[in-house]
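Let's start with one chain on its own, the form predicted alone, as structure tokens.
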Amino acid sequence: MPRAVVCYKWVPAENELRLDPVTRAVDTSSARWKVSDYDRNAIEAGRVLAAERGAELVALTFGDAGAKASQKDVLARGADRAVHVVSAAAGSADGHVTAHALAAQVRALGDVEVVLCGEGAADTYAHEVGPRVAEVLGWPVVTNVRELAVQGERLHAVRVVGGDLEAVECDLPAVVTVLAEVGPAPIPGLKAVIAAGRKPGEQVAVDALGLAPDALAPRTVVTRVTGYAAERSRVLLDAGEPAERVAALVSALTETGAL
């Protein structure tokens, strides 16, 4: 049976992050974790594509032991099987390591026609894992896709390029990164949630994938994550004629370097 693989990331809920008022350091300790919003759209696109192709849809993630909790959600969203590549160091892994781990598991699955990824993860939004997976596999990649179809052994897609739309084709197998516009991500109903408990979920140790040490060595290291804080000048322009207020505004913006 052919397979479609959809990659997803287990991330902390954005609205439950906390900032240290002094250092602005991001605290995730009290946040619930969830499947990245962008990846939910990718899962739905994969579900539709797999149903049209009569293919098995495999949901694939790379994460530490805590990411196991994600499997019931992705299975309820329509995946036939969930695979979790486990690494205690996944939290500090960059796109290089993540792509090698995902690509190695895709090879291990075999018979994969399409790998789908969200356009970016909700926590870093780096836009790099999908193209990196394609590079490691040696497959063509189509990014920023809003419409997707497979006919025979060809992938047909419409992608967004700036303010334009571009229709492209490529041979299978291929990697695709999809935009949210590819399709809505419905909330699983009770029947789907119950059915998810009967679907297979698997954990695979990253060490079992036979990756070279270089593939598991991050190329970049995050040294600090701080929240953005807008600093306001609080210049009040409430006196004088309109022309005088405009002149005062221009003067204030010039002094701050905005103009």
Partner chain sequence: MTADTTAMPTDVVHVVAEPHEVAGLVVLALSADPTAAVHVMCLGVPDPATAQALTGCGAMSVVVLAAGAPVPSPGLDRPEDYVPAVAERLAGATPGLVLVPATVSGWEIAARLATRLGCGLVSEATSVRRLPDGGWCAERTLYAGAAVQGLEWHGRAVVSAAAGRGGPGALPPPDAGGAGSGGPVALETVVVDRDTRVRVTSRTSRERDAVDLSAASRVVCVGMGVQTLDDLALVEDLARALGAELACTRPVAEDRGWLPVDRYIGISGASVHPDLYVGVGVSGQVQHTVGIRDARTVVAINTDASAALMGQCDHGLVGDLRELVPLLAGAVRAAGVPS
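Superpose the two forms; the largest set of C-alphas matching within 1.5 Å is the rigid core. Model, not experiment: these values are computed from the prediction. Positions refer to the first chain, counted from 1.
Below, we refer to the form predicted together with the partner chain, which is not included among the displayed structures.
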With the partner absent here, would R53, G78 and A212 each sit within 4.5 Å of the partner chain in the predicted complex, counting heavy atoms only?
-> no
Could you tell me if I187 has a non-hydrogen atom within 4.5 Å of the partner chain in the predicted complex?
-> no
Contact between R232 and the partner chain in the predicted complex at 4.5 Å, heavy atoms?
-> yes
Please check if E14 has a heavy atom lying within 4.5 Å of any heavy atom of the partner chain in the predicted complex.
-> yes
Does V221 make contact with the partner chain in the predicted complex, using a 4.5 Å heavy atom cut-off?
-> yes
Can you pick the stretch from 80-88, 144-152, 67-75, 104-112 whose heavy atoms fall within 4.5 Å of the partner chain in the predicted complex?
-> 144-152
Residues of stretch 115-130 in contact with the partner chain in the predicted complex (4.5 Å, non-hydrogen atom) = E119, A122, D123, T124, Y125, A126, H127, E128
Large Cα move at V250 between the shown form and the other one, threshold 2 Å, rigid core | yes
